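Only one chain is given next, in structure tokens, and it is the form predicted on its own.
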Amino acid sequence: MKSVKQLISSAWRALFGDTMRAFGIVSVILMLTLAIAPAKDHFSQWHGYQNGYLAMIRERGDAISLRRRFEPGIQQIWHPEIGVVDRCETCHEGLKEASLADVTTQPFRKHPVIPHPLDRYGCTICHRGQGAATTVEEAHYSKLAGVDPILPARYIESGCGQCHQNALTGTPQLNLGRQYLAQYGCVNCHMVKMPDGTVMKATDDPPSLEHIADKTTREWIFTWLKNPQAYAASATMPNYKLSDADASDLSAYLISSSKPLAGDVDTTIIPAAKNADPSAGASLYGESFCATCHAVQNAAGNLVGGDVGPELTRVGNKVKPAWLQAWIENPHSYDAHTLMPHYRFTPQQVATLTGFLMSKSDSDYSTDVHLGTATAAQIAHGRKLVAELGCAACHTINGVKKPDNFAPDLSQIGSKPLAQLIFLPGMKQTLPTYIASKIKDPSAFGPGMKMPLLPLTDAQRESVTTALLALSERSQTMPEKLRIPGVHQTTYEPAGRAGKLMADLACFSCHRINGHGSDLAPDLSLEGSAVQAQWLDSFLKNPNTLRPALTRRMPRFNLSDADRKTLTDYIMVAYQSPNIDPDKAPPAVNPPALVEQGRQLFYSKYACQSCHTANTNTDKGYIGPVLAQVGTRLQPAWIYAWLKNPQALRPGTIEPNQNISDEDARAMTAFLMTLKSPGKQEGKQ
């Protein structure tokens, strides 16, 4: 011990024995310390990637330009409004180089084209990860609290959903995910509050079960509860994987709680006409365009038809004939808020359509189900199951209140801390993996899980996962000026007798008016400025085809003359555009020379026949509406305004704005107003 102290003392005297020697030694130590920082950077990962980038571009034809734009050292983007600090471009040097589109090696690939400048928003706002890091591990897979690992590329559209609450053409997976959350009723149980403050509403329209015994049998309910998709491949109701006993008890309670609807039990079945054509039902089904909303499986097992209403492949197994007849006669007498319109069929048409639909059945479906009289214990247990499974979150059930906070709030699920999640053994511990696995098989996370198995394909689950990842903490705190709100429903309702008629015809099931309704058919908010009253009355009497390429059609509602006049007068007065002044409209009748000028412009300069058919004998345009009778359908003021700027009248229309001059618009309006019958034009051809 004494010798060690002597050795240290001798070394100290040798190095710092006098002032000049001590100053020299300290100076050397300081110089070595200062040299560590640049030396460390020289061996860092980011420096190696920058050297690799320079080596890659060295042999390229545009090497000089690329080298000139290369910026050595650490690159940083700072966006204080959203708390983004990104140093990603330090390694990803080729992000903005268009000429590197052929490069596939990371981190030197060019970034795909996006509508936002990369140096304005940075990378982590969409890709996540720790933007301030300068190593791959810390940047992509940081374990720091509050830092999300980088997203798998297949979920990248979720980044767009943090700002954009509307549907974008460039984010199909995000759009579908949001659609499925509403369509499959996820938001009936889960709260999903969008960043703009609106709450997502379900669109699955689950039926009321208040009068279910009038509609169907306990045996059908049992079979449906066991496997909804066995009855209808398109069913959105999840499979709860119920035991036979639980399904039996649930059906017992639902039947016992059902209350008869006045008139249902007294319905007299209308007999089909003697010697009726067996195909009459199919013809009436087709003429009424039921397939616009309802689908059926064809012989090949493919679904044909729309998804607005329930699938009708086995409807004969489900409903009672008396109920179906009453429903066809007037759906609103059973469900005042149904999306199905009142067709005003004659009694014989009701009988014909009822017989046709009752024939759509499967002889093997539920034939082996035989349930005895339900006991009090079964009914009591069924009521308990209704509460435990949250059935009233979707359906209206007599004596059962809609549950509050039945399932977790998902408004910020995209930022859920990993420490709050329970992962299955062997599962990759990331948030996207957890969400996708939970959707795929909820029961795997524990026998007590209430969440049922949703009938989703792998692609649909990926879309839902994308939509949920967009519901992040950042999306909720995004500055208002960076947030793009979605299109939300208004509470608009038309007034008076016309309003009652429109409700009875369920116009909002297909049309949007003043922000309320569906996009299945054209928006009618400005219809009074667009069409001529005589044409509208004729169209309501017998709707014809305006777009041959579309399979969906407006059905004939068998309206009386008085009802048609009421609707026509209301639409012509109430739904006017403030931007169209009829007093300043071009005249309906014009000199032949102006008509011919318009015809030449239509067919030559603007080539409108590429999308529209003005002459059914010669034109082949089927993308836009047929214009063969547009002179009797539209008002000249509307045609002129539409030619000048279609998007100003109907935002989002695919009709391009060709910046047509006033003179050309007047001439083309004059030509179009001469088109009054198919295949015939007043101007020269």
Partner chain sequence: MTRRPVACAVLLLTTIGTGCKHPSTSSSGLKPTATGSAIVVSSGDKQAAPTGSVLANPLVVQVNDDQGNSVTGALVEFHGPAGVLFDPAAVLTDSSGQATTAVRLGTIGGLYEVSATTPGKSHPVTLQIAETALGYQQQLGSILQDKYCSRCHDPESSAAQVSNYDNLAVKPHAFTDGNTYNKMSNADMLSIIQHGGPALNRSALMPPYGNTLSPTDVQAVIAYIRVMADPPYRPAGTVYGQK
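Residue numbers count along the first chain shown, from 1. Keep in mind it's a predicted model, so treat the numbers as computed, not measured. Under this definition, the rigid core comprises the largest set of C-alpha atoms superposing within 1.5 Å between the forms.
This next part talks about the form predicted together with its partner chain, which is not shown.
Peer 1: Only one of these stretches, 153-161, 445-453, 81-89, 411-419, has heavy atoms within 4.5 Å of its partner chain in the predicted complex; which one is it?
Peer 2: One stretch meets the cut-off, namely 153-161.
Peer 1: Out of Leu30, Ile623, Ile64, Ala648, which one falls within 4.5 Å of its partner chain in the predicted complex, going by heavy atoms?
Peer 2: Only one option qualifies, and that one is Ile623.
Peer 1: Could you check which residue among Pro582, Pro172, Gly301, Pro347 gets a heavy atom within 4.5 Å of its partner chain in the predicted complex?
Peer 2: Only one option qualifies, and that one is Pro172.
Peer 1: Hey, in the predicted complex, is Gly426 touching its partner chain, heavy atoms inside 4.5 Å?
Peer 2: Gly426: no, not in contact with its partner chain in the predicted complex.
Peer 1: Would you classify Gly48 as touching its partner chain in the predicted complex, given a 4.5 Å non-hydrogen atom cut-off?
Peer 2: Although its partner chain is absent here, Gly48 would stay clear of it in the predicted complex, with no heavy atoms inside 4.5 Å.
Peer 1: Against its partner chain in the predicted complex, would Asp307 count as a contact residue? Criterion: heavy atoms within 4.5 Å.
Peer 2: No.
Peer 1: Is it the case that Arg109, even though its partner is missing from this view, gets within 4.5 Å of its partner chain in the predicted complex, heavy atoms only?
Peer 2: Arg109 belongs to the contact set for its partner chain.
Peer 1: Going by its partner chain in the predicted complex, which residues of 101-115 come within 4.5 Å of it through any heavy atom?
Peer 2: Asp102, Thr104, Arg109, Val113, Ile114, Pro115 sit within 4.5 Å of the partner.
Peer 1: Answer yes if the CA of Leu601 moves 2 Å or more between this form and the one not shown after aligning the rigid core, and no otherwise.
Peer 2: After core superposition, the displacement of the Leu601 C-alpha between this form and the one not shown reaches the 2 Å mark, so yes.
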